[in-house]
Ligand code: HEC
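One chain comes next, on its own, written as structure tokens: the form predicted alone.
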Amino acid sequence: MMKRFAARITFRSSAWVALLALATLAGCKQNAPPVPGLKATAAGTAIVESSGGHQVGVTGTALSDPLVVQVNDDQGTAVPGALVEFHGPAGVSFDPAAMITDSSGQATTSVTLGSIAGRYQLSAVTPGKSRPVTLDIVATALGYQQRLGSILADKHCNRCHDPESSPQRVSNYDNLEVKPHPFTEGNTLNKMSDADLTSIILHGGPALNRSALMPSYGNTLSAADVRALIAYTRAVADPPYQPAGTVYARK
């Protein structure tokens, strides 16, 4: 009886830890005051992303590309001299956290992710002419296992699964008769179980009546490698992957 009671306490404690971690990623935003001396000379009515959104990085490190936003007026024209503040969950930092838009109406900051793996909700805010205007931005922080999956995906998968070429890799996506699902394609991959994804990785597409262009990696990847690849796929899925909740059997 005492063992069951202790187990329930441990389970509840773990659940509270998980809830606190989620709150850190989604809520608890840093509201650092503007840098002293910043003085806006103009105000816009909209703020849009120019580049740097939806990046994937490693926990505790800076994203590879800066985050760039632009303040516009009612006609969509860029507004120089407008104040922009950047906010995020506890643990995320911006350099700088507040600035005045440049001659092109843009504000640029470097983002360093927090220490918890997951999807971060960031925001850029400008005071506007009559009310604050906010732009929500998503960034994903990978933990150790997910980072390993990212490295394996770059080595074995992205040449076909990523339609975008990079300086390090030329994509083969457009040359394939049957287009592979990008790992970010949550609408499709989120519906597949871990067991199904494992079968396809280990035994190739025909294992689940999929394209024969998907080769088998059973002799290349270890069981830990496969788990890491799946963890990475779940981390970058858009829309976000939501695992099924725990189910308890009834007597």
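Heads up: residue numbers just count along the shown sequence, starting at 1. Owing to the predicted nature of the structure, the values given are computational and were not obtained by experimental measurement.
Here the subject shifts to the form predicted together with this ligand, a form of this protein not shown in this document.
### Query
Do residue 119 and this ligand share at least one heavy atom pair within 4.5 Å in the predicted bound form?
Taking the distances in the predicted bound form, the answer for residue 119 is no, it never comes within 4.5 Å of this ligand.
### Proximity of residue 210 to this ligand in the predicted bound form, heavy atoms at 4.5 Å
Contact with this ligand, yes.
### Message
Residue-level question: is residue 105 within 4.5 Å of this ligand in the predicted bound form, judged on heavy atoms?
### Response
Although this ligand is absent here, residue 105 would stay clear of it in the predicted bound form, with no heavy atoms inside 4.5 Å.
### Message
Residue-level question: is residue 176 within 4.5 Å of this ligand in the predicted bound form, judged on heavy atoms?
### Response
Heavy-atom contact with this ligand at 4.5 Å: present for residue 176.
### Query
Pick from 47, 189, 67, 56: which residue has any heavy atom within 4.5 angstroms of this ligand in the predicted bound form?
That would be 189.
### Query
Of the options 133, 142, 157, 83, which one has a non-hydrogen atom that comes within 4.5 Å of this ligand in the predicted bound form?
For this set of options, the contacting one is 157.
### Task
Mind telling me which stretch in 89 to 97, 157 to 165, 74 to 82, 122 to 130 gets its heavy atoms within 4.5 Å of this ligand in the predicted bound form?
Only one stretch qualifies here: 157 to 165.
### Task
May I ask you to list the residues of 190 to 205 that have any heavy atom within 4.5 angstroms of this ligand in the predicted bound form, in sequence order?
Residues within 4.5 Å: 192, 197, 200, 201.
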